[in-house]
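This document starts with one chain, in the form predicted on its own, laid out as structure tokens.
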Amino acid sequence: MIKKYVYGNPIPTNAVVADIEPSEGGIQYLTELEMGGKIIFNYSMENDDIVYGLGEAARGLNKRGGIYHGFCTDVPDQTEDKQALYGAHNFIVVTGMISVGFFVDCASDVKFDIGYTAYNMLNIELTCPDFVIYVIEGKSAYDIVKQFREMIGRSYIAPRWAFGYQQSRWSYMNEDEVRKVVKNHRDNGISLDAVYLDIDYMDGYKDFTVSEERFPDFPGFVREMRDQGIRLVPIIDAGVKIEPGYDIYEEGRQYQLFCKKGDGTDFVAAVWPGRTHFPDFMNSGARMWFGSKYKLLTDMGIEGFWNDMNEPAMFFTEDGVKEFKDYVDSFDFNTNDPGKFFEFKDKILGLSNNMKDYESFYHNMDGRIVRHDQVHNLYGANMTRAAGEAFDQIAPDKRMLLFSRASYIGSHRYGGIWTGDNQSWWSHLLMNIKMMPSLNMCGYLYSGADLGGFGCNCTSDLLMRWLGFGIFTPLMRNHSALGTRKQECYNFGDPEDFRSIISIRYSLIPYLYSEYMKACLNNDMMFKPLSFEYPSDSFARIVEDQLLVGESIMIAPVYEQNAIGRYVYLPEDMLLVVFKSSSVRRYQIMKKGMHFVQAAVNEVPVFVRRNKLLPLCRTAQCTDKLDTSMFEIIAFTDDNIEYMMYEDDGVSKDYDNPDNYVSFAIKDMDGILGAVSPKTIVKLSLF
């Protein structure tokens, strides 16, 4: 059951699609306080309550014990003390003796103190008086999540080719560098489906332009790559360069489509192109205009994009620099006060993404003038919306790849997300693991992290272990920063182990794509905590580093350096399959309980659940070459079982066609278990 409580005059966020009538009276479960201009809601937790949710947030799967802010923030050092990351996903579920969910639909900052100040107290704090709170009652945390997912609408559906392995770096500087990357993957037998173009493909970092010097025949180059099974995926940034004669700038200025300062002039900030304006994505006309520009690149053959810098990220503003100069001019450099040193340092760092700057410009929300900080969380979400709605016009019958850095619940219907500029740290691999169910709870199914880490220098073993987890995430992209170690797999000595691990991904794609599609179409989760399937198991309830992936398998990734394996808790008897490649593996039936499972750095352990099927296909160099006419079936069964695989063309939007489902069945025929399937089974392994 869902109840809706409206405060003030809320700004439309586009987060909820269900028609829910507002409820009268005080909010059930929450105690309301007003303190110093803030509205605070309190919820009293029991000692053993677990708190799930918040999507993209630091720390663990259970959010208890921390402070979190729903405020989209450009923060590459995602350490445990960071209270806000790139997305704002204000949905939580408290579960214990009772289960209740809260969604705070507010486009401004929302603070969640979840047992930090007082262990048994949950505090939700807002400074904006205009918002909506939804209270969801259910019989379990999983039940509440499914109600919430119905409330916010169907998740974005990516094309199947976007489940292939993807390679990125800031930046591949020209077409010859891209050719080299593709050739090295192909020559080393490493499967690959996409190469990303970061900001240097543009002409002077200008959106919807291509450098003629670096890519002299871009449409021809796109075709050349496509002939090799490779899609090119360019970046699009939020800022528009201020440059007379640049058509995007000239149009935005002519039709008043940029964000404004209080005096009515266009707001200016410095980002990659230098002085930039920000399109007013809160305005429907500006969204339509900006979205239409993607056609400039789709007409050249581009089939996917990643939107970036859309929190929006700002290096500095002219007003901020002027204020800093005044501070420096008055600074006493002879001081021996250590506090002044830290103050000086903070002033420098504070030039970027400064709150005063966010409070200094305005949006025209189709006639309603709103200061940016009141709608900050919607900016990146509406950039994604602009592109997603444009694709419905540009290519109405074709799926386009689209994902974003900044996000707010509601943008999950238009595109996926990646988890931002992480680091080559083992702790970030673990955070990636724990974040996936939380993202799924909030509707983000097409998601993943920068495998190997974006910043710092990755090591061979870290990349291999991260790929060992990344083969299960819908977005499987290796991405690294300018100035870091070259992170392509073939740059780490003998590529055989990397080739083998990525081959596992391609053999799993039919299953992973099927589970992703079924989760999208049924408003469900692809990644689930163990407690969602085993709610009465007290051990399963506290496990955070093992995940259920779809209906058939559990994963327990190894995420510690120099580890030869890890301890794994099995909530039921399972079949352990240790993959060394798509075709080389070992098997062991394991009983319910705690086990130490050995897995070398070049091995991937997968646990097949009892009376479930895991279909595998033959690997290929790209998704277009996958043969799904023949499968190998691994099953841990002592009964008649069936697996419904979702299989469509991976491109069109005929999602609800019943012909998209294919049945794999194991049945007892004359006392002998065998396979019954419209597919050709090349191998059947029963345990």
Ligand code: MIG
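Numbers follow the displayed sequence, beginning with 1. What you are looking at is a predicted structure, and each value in this text was computed from that prediction instead of being measured.
One more form of this protein, predicted in complex with this ligand, exists but is not displayed; see below.
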Partner contact for residue 235 in the predicted complex: this ligand, 4.5 angstroms, heavy atom: yes
I'd like to check something about residue 198: if you look in the predicted complex, is any of its heavy atoms closer than or equal to 4.5 Å to a heavy atom of this ligand? yes
Can residue 517 be called a contact residue for this ligand in the predicted complex at 4.5 Å between heavy atoms? no
Counting only non-hydrogen atoms and a 4.5 angstroms cut-off, does residue 170 reach this ligand in the predicted complex? yes
Only one of 223 to 231, 247 to 255, 322 to 330, 305 to 313 sits within 4.5 Å of this ligand in the predicted complex by heavy atom distance, namely 305 to 313
Within 4.5 Å of this ligand in the predicted complex, heavy atoms considered, which of 125, 488, 421, 373? 421
Taking 4.5 Å between heavy atoms as the contact cutoff, choose which of 160, 260, 479, 287 touches this ligand in the predicted complex. 479
Under the 4.5 Å heavy atom criterion, name the residues of 53 to 77 that approach this ligand in the predicted complex, in sequence order. none
